[in-house]
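The chain that follows stands alone, in the form predicted alone, written as structure tokens.
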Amino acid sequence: MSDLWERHAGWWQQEFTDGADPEYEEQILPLAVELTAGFARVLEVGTGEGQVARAIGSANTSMVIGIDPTTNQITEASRRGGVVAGYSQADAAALPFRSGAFDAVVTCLVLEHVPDVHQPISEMARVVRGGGRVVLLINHPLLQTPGSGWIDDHILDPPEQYWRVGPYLPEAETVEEVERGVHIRFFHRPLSHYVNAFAEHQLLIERMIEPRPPPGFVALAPEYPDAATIPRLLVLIGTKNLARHAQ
């Protein structure tokens, strides 16, 4: 699964880090910082070149570790440094940490790129302590389905713009050309898949967030004035069930 990310690590680092992407700067990084505030030991699963881990480490009094399966990303994360305890090359399905080692675990735009979410969520639940937090940020499973997008309907009089939602219930694997020559694999699954995985692994959902796209992103497509009404991101915040953990 990491082959495409190894190949396109440079594209990701150039297009989505160091202030290049308004969604990260204005929304994703602030959310990750806010939702891990007050937790002393934080693990980021799928850290890439480490921008989320660096933001958490710089803003919070947290000991942060980032893991990622790709060599090119971990090498760049180590080079960029930051207030991070360290980076390790590891797979989300087999985290190299003892049970209960962390107070919080965060993963950002990762699980929609892996074929099975149950084992990574099981591992995140294992390494977080009872009463600890797991934060999952993903592309919105309903509104970012394969085939979704803005439609300019010129058949209607007057013409209309609306957001087309692709097939939601069928699980699907697609490889999308996100930029010329850059192909990324996506796995669509309904929201219930994630919610049920949380429940199965003793994570109680305490909150769900569907944030509006931030102003910087909306400004990139002024031809779609209603873009701010369609969430691109979904955030699930779960707490490890302390009562069941103690049994």
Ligand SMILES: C[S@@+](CC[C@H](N)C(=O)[O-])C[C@H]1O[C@@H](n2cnc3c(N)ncnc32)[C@H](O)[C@@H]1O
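Computed from a predicted model, the values in this text were never measured in an experiment. The numbering used is simple: start at 1 and walk along the sequence shown.
Here the subject shifts to the form predicted together with this ligand, a form of this protein not shown in this document.
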Position in contact with this ligand when the complex is considered in the predicted bound form, options 76, 91, 103, 123, heavy atoms within 4.5 Å: 91
Interface membership of residue 62, this ligand in the predicted bound form, 4.5 Å heavy atom rule: no
Residue 114 within 4.5 Å of this ligand in the predicted bound form, heavy atoms: yes
Residue 213: touches this ligand in the predicted bound form, heavy atom cutoff 4.5 angstroms: no
This ligand contact at residue 42 in the predicted bound form, heavy atom, 4.5 Å: no
Candidate stretches 202-210, 189-197, 44-52, 218-226 - the one whose heavy atoms come within 4.5 Å of this ligand in the predicted bound form: 44-52
Any residue of 97-131 that, in the predicted bound form, places a heavy atom within 4.5 Å of this ligand: 108, 109, 110, 113, 114
